[in-house]
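Before any questions on binding or motion, here is one chain by itself as C-alpha cells, the form predicted on its own.
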C-alpha cells in the first residue's frame, strides 16, 4: 500500500470522492503543511496557521496507479483557482499534492504537465513534499457518510461516476459478447445517472454508424460519417460535449426533447469502432467531468 496527501478545497467532499474510487483502501481528513503545532479545526479556519485542508489517501498501487489517482484528483478541483474551491475561500482551501515518497515526484510532475498543457496556463496547485499532517477530530472523518445531506462544494455526479465505473467493470466481467456488454452498459449508465437517452452506434463499413443497444425512446438507425455529433466524434476520434444541440452545425434531431449531448468514441487498436451517445433534456448537462469518467468507462468495453 502507498499513500499520498491531496488538498482539494473543503475536505468533507474531497474525502467522499476519493473513497469511491476503486483501489483507494482508506482515507483520513486533516491539515497539511502548516506551522502551528497540533492545530484544531477552529484554528485552521482562521487562515493563520498555514495549513491546507487535506485528505490522506491510502491506495493499492496494483489496482490504482499513482498517475491515475492524480488524474482523478484533478477532476475534483479547479486547478487555476487560487485559495478558492467552489464558494469556499481562504488559504486553507488551497489545492496541493503532497508526497512522502520522493520516487513519486516524477510521476506526479508528469500528470501536472499533461493538465497544464490542456489548460494552456500555469496551474495554481502546490506540489511539495509532505512536511506535516495532523488528522482532524472525529466529527470531520467520513463527514458525508454520517451526514448525507451535509454541505459539499462538489457536484453529485463526481461521487456517482467512480462507483459506476467500478460496478460496470464487475458487471461485464469476462463476458466476450459485445452486444451483451453494450446492452448492460447502456442500462446501467441510464439507471445510475438518469440521462434521457443512452446508447451506442457502431461503425458499419466505411461511411455509416448503425444503431446498437440503447435505453430511451426510439432513435435514428443510421448516421453518416461526419454527420451530426455522433458522426463528428467518429470522424475526429475525440469526445464532443455539446451544451446546446441547436447550436451544433448539422445536428441530427432524433428527438426534439434532447437539449444537450455528449458523444465518446470507442477506440480499439487506434481505430474508432463506435460511439457512446448520451442525451439530456436540459441544456449544459455535460462537462469535463462527464467526458473524463465516460472515457474511463468506455475503455472497459
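All values reported here derive from a predicted model rather than from experimental measurement. Residue numbers count along the first chain shown, from 1.
Same protein, other form: the form predicted in complex with a small molecule, not shown, and the subject of what follows.
K.L.:
Among 47 to 55, 265 to 273, 26 to 34, 245 to 253, which stretch has residues with heavy atoms no more than 4.5 Å from the small molecule in the predicted bound form?
P.N.:
Partner-contacting stretch among the options: 245 to 253.
K.L.:
Looking at 189, 108, 219, 154, which has any heavy atom no more than 4.5 Å from the small molecule in the predicted bound form?
P.N.:
Contact check passes for 219.
K.L.:
Scan 197, 133, 99, 112 and let me know which has any heavy atom within 4.5 Å of the small molecule in the predicted bound form.
P.N.:
When the small molecule is considered in the predicted bound form, the option within 4.5 Å is 197.
K.L.:
Within 4.5 Å, heavy atoms only: does residue 73 come near the small molecule in the predicted bound form?
P.N.:
Heavy-atom contact with the small molecule at 4.5 Å: absent for residue 73.
K.L.:
I'd like to know if residue 277 sits close to the small molecule in the predicted bound form, meaning any non-hydrogen atom pair within 4.5 angstroms.
P.N.:
Yes.
K.L.:
Taking the small molecule as it sits in the predicted bound form, is residue 93 in contact with it (heavy atom to heavy atom, 4.5 Å or less)?
P.N.:
Contact with the small molecule, no.
K.L.:
Verify the contact flag for residue 201: yes if a non-hydrogen atom of it lies within 4.5 Å of a non-hydrogen atom of the small molecule in the predicted bound form, no if not.
P.N.:
Yes, residue 201 lies within 4.5 Å of the small molecule in the predicted bound form.
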